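Quick heads-up: it's one chain on its own, the form predicted on its own, in structure tokens.
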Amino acid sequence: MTHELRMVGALMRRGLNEILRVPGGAVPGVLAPTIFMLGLSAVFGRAAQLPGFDATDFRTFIVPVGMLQGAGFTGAATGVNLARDIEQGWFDRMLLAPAPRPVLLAGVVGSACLRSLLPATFLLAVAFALGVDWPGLLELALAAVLVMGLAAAMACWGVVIALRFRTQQAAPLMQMGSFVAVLFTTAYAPRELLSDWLRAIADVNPVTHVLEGVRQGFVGDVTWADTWPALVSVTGLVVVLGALAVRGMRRQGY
């Protein structure tokens, strides 16, 4: 167990060291959610005045969306980095290590969880500076757990795609998975204001529950009725996509 934990820690440190060694590769994923928040709030800021909109400020409503977008970008970047390691042959050497495949996956995914806090922190710093209300420490802690959980799920998705295509050219498919998952939710308007077809998709999309869980404190109070579906949904995503990722790693032939 000690050896396996050390292996996970080493892989997590390697993933985090990439930020220091190649900071330019992390900058777009850190800045993009904040840029989206600023652009969308500038264009659609008056939407908060619509009847039925349950937030007084559109920026407050959209900040949780940016946090999940940052988690998605981080997960996609994890898949791209793995595809690069596959192309360069480093991943084949890692598979020869005396460690079970789930341990190797845990190290890769664990680094994505920690890295997802970078875009979320930057986004929140800018949002608070612009006047977004402070939600509270408990609310931020819950949001951080859900953001890291979604980053883990999207990292597993990126690993599945990287193992399937074994090239960085599959990066758009990795990014599209997280983008679509967040887009077809109550991201930009409350459920009651969505079109019928989009409302139907949002109702069955598990990321909708995750978003509503992160949005607590920013819009409304934290309630168990919104918290447990968010935790169950993000756990289910990690379990299903993680199982697919482990299956892909076990089929690599070593």
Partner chain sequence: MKAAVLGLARRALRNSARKPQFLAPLVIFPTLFLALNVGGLERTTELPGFPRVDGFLDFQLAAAITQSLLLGGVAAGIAVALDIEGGFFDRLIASPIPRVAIVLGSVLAAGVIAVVQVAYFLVLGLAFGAEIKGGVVGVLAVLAIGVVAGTGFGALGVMIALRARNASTVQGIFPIVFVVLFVSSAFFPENLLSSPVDSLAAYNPLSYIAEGMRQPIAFANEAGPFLEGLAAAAGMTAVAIALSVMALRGRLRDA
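Numbering follows the first chain given and starts at 1. These numbers were taken from a predicted model, which means no experiment stands behind them.
Keep in mind the form predicted together with its partner chain is missing from the figure; the text below concerns it.
- From the list 132-140, 114-122, 176-184, 154-162, the contact stretch for its partner chain in the predicted complex under a 4.5 Å heavy atom rule is 176-184.
- Taking a 4.5 Å heavy atom cutoff to its partner chain in the predicted complex, the contact residue among Ala26, Val219, Ala189, Ala202 is Ala189.
- Remark: Phe44 counts among the residues lining its partner chain in the predicted complex, judged by a heavy atom distance of 4.5 Å or less.
- Although the partner is absent from this view, Trp197 contacts its partner chain in the predicted complex, with a non-hydrogen atom inside 4.5 angstroms.
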